[in-house]
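A lone chain, given as structure tokens: the form predicted on its own.
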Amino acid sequence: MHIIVIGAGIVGVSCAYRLQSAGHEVALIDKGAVGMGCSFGNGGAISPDLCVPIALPGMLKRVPRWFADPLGPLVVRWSHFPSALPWMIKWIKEGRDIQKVQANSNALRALHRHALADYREMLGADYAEHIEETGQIYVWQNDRSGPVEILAKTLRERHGVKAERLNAADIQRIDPHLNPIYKNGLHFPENGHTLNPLRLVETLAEKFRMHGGRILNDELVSFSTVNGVARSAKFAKGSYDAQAFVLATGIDGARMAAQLGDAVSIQAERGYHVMLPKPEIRPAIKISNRDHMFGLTPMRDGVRISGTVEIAAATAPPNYKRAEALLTRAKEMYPSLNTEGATFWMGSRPSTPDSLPIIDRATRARNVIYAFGHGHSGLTGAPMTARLVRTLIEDTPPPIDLAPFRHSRF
């Protein structure tokens, strides 16, 4: 089949690679350079063990405290509040229903659990150059055994996730550079991270191109449909015919889905990062500060500090004071960090209320496949998403249940 994949982030590139490997003729089209959206700026985590949705019972109680700090883990730009309110109400409902939480957890585990194995297959001999399987740790300054943490522990145990409790001595043994104020932690030995998120995407794109794939630069405008099938896609520079289309455009997916008859709930959860090119010391392992909801990742080109959530329009100007706050918090964790040459970045995570992406057929064009809305876990969810997209295009049985990812759930 002749297939066009729209969007050249990690999800789109993974879909293009998988489809081409299955013998299809594939073109990959993006309005920007390969991997230059959230795939460029993410924290690099590849977490097969990620099975805890963000919306949980008890999480709402923490929101007022977070809102009180304009540079804290979660902030809403009040000019955007009316637009974000419907999404936020759905998020609250998802967290109040324990059955939904459990179902969302099941779907997340199924989507993520084979991520490292799938990357190993796709990257082949290049795997070790891009991915480290050194695990991840969470740390807290104080004991955290409230309802949210207890439920998260229960969900992990249900899915057989290996999570080892850490005390202060354990944490120092793993990472002696870390400030010893952290008394409690969790070690996830079966998780990993990429050493360069952008280079990972570029490498898969290069493999795709080397085997005959086309990569084009253009911006999607609309689809031309006849009798429930998309015949062509109109771009700024011209139209392209194909037998199937994959929409992997991240935050822009909701707008394009609306043209095809589907109202999906997507909110820009804007995240920031700081890149330190000459840190002098490095975390021994990818680490997440669960008191302030951000993390540090040792990468090939330095140390990346990333995280927090800013609910705002994707097009709103960045507030780099949030990045500066990340840097301040990171210095509290690693007082010897060298901040010389620090660079800041902001990107918009395409997030759904239930933490699950949309992987489904469009209502008005059954040959347009949605593959967007991965929120905080696009790097982890991309490989299985690509496998699911292939089964939708080829109309074959999927490797996991597709029902949790249907657009109709909204």
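On a predicted model such as this, the values are computed, not experimentally measured, just so you know. Note that residue numbering begins at 1 and tracks the sequence as displayed.
Just so you know, the form predicted in complex with a small molecule exists too; it's not on screen, but the next bit is about it.
Enquirer: Within 4.5 Å of the small molecule in the predicted complex, do we find a heavy atom from each of Asp218, Arg349 and Gly375?
Expert: Contact check passed for all of Asp218, Arg349 and Gly375.
Enquirer: Among 153-161, 173-181, 84-92, 250-258, which stretch has residues with heavy atoms no more than 4.5 Å from the small molecule in the predicted complex?
Expert: After filtering at 4.5 Å, what remains is 250-258.
Enquirer: If we define contact as a non-hydrogen atom of the residue within 4.5 angstroms of the partner, is Gly44 a contact of the small molecule in the predicted complex?
Expert: Gly44 belongs to the contact set for the small molecule.
Enquirer: Is there a heavy atom of Trp345 no more than 4.5 Å from a heavy atom of the small molecule in the predicted complex?
Expert: Judged by the heavy-atom cut-off of 4.5 Å, Trp345 is in contact with the small molecule in the predicted complex.
Enquirer: Counting only non-hydrogen atoms and a 4.5 angstroms cut-off, does Ala16 reach the small molecule in the predicted complex?
Expert: Judged by the heavy-atom cut-off of 4.5 Å, Ala16 is well away from the small molecule in the predicted complex.
Enquirer: Answer yes if any heavy atom of Val52 is within 4.5 Å of a heavy atom of the small molecule in the predicted complex; otherwise answer no.
Expert: Contact with the small molecule, no.
Enquirer: Though the small molecule is not shown, can you say which of Ala362, Leu356, Leu56, Ile29 has a heavy atom within 4.5 Å of it in the predicted complex?
Expert: Selected residue: Ile29.
Enquirer: Counting non-hydrogen atoms within 4.5 angstroms of the small molecule in the predicted complex, say which of Gly307, Gly213, Gly302, Gly185 makes the cut.
Expert: Flagged contact: Gly307.
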